[in-house]
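Single chain ahead, by itself, as structure tokens, in the form predicted on its own.
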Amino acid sequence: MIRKLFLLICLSGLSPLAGATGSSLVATGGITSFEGTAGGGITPWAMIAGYGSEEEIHGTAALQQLDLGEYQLRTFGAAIGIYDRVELSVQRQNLKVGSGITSNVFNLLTQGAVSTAPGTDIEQDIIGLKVKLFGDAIFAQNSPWPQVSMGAQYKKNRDFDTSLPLSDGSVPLPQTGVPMLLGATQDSGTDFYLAASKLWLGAAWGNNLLANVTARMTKANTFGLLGFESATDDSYALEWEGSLAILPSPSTAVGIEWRTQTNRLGGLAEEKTVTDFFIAYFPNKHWSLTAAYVDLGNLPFDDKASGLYLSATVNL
């Protein structure tokens, strides 16, 4: 299903209704986040994907890679912006878990009886919808109000109950995936968020300054990669996200981001605030590249999960 939606969005972005690159300014749509929405690397902004105006339809496609040593997160997806009002997005996430992590999991569960196991993958699909409510983050410079959008992300963990085999091929815990082992009770959930974004032209020593704040209601554990809810907490929690960036030139943005997480599972899966420092390069409206240092704070058997994030976005 996710591949069909990806193809549909890409074809829509190439519709005759769309111009060659769109009418908006370079970099104003941000990049594509690791969850598929337009904005920063780890948080959605109020902007709509692509460079389309109120009379245009434009789309984006993106690839991302986050290297955390024993953990490797690879994502790809596409989004379409419709008349600078509505954004539809699809995203596939693949978290590769190294054999060192799975071996530690079995070693703990069996009290040392099993000490080696092959690595595994955790995949998740995300379908997103964003609607601009009011405001214009870029062109309404005389207004103190930001652009405000609301959105929803339906997330489906594809490996919630995928069994973990041992090195000899045996399966000691049938139909029990990593999220279940760590205490998650659901394989899917829907996030709801409200994002406010504002760009001030020449406000930071003559450079453009962008700020974004996002409030999210979610039941996800580690973005949903470790499932949803727990036996002791099945309610929505409010999490906060933010971005602050300076644009020293029309083609470059430098900034920081943060994103809080609700610690439902505890123990090995204790969640902490995520931060990143990024540099994004927009040579033209056709494509962009982003590099970032991301600190996730904690992942199972890795209490200093940090590494390099790379993202490439193509505007259709």
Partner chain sequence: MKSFLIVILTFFALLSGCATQPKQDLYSEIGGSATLSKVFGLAINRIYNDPVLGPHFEGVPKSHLREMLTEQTCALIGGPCEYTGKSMQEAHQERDVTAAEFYRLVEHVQQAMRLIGLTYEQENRILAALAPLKKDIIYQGI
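Just so you know, these numbers come straight off a predicted model, no measurement behind them. Residue numbers count along the first chain shown, from 1.
Note that the form predicted together with its partner chain isn't included here; everything after this is about it.
Per the 4.5 Å heavy atom criterion, its partner chain in the predicted bound form is contacted by stretch 203-211, the sole one of 203-211, 156-164, 108-116, 122-130.
Here is the short version: of V86, L244, A152, A237, the single residue with a heavy atom within 4.5 Å of its partner chain in the predicted bound form is L244. When contacts are judged by a 4.5 Å heavy atom cut-off, E35 does not count as touching its partner chain in the predicted bound form. Its partner chain in the predicted bound form is approached by P248, whose closest heavy atom lies within 4.5 angstroms of it. Not displayed here, its partner chain is kept clear of F192 by more than 4.5 Å at the level of heavy atoms in the predicted bound form. Within 4.5 Å of any heavy atom of its partner chain in the predicted bound form lies no heavy atom of R259.
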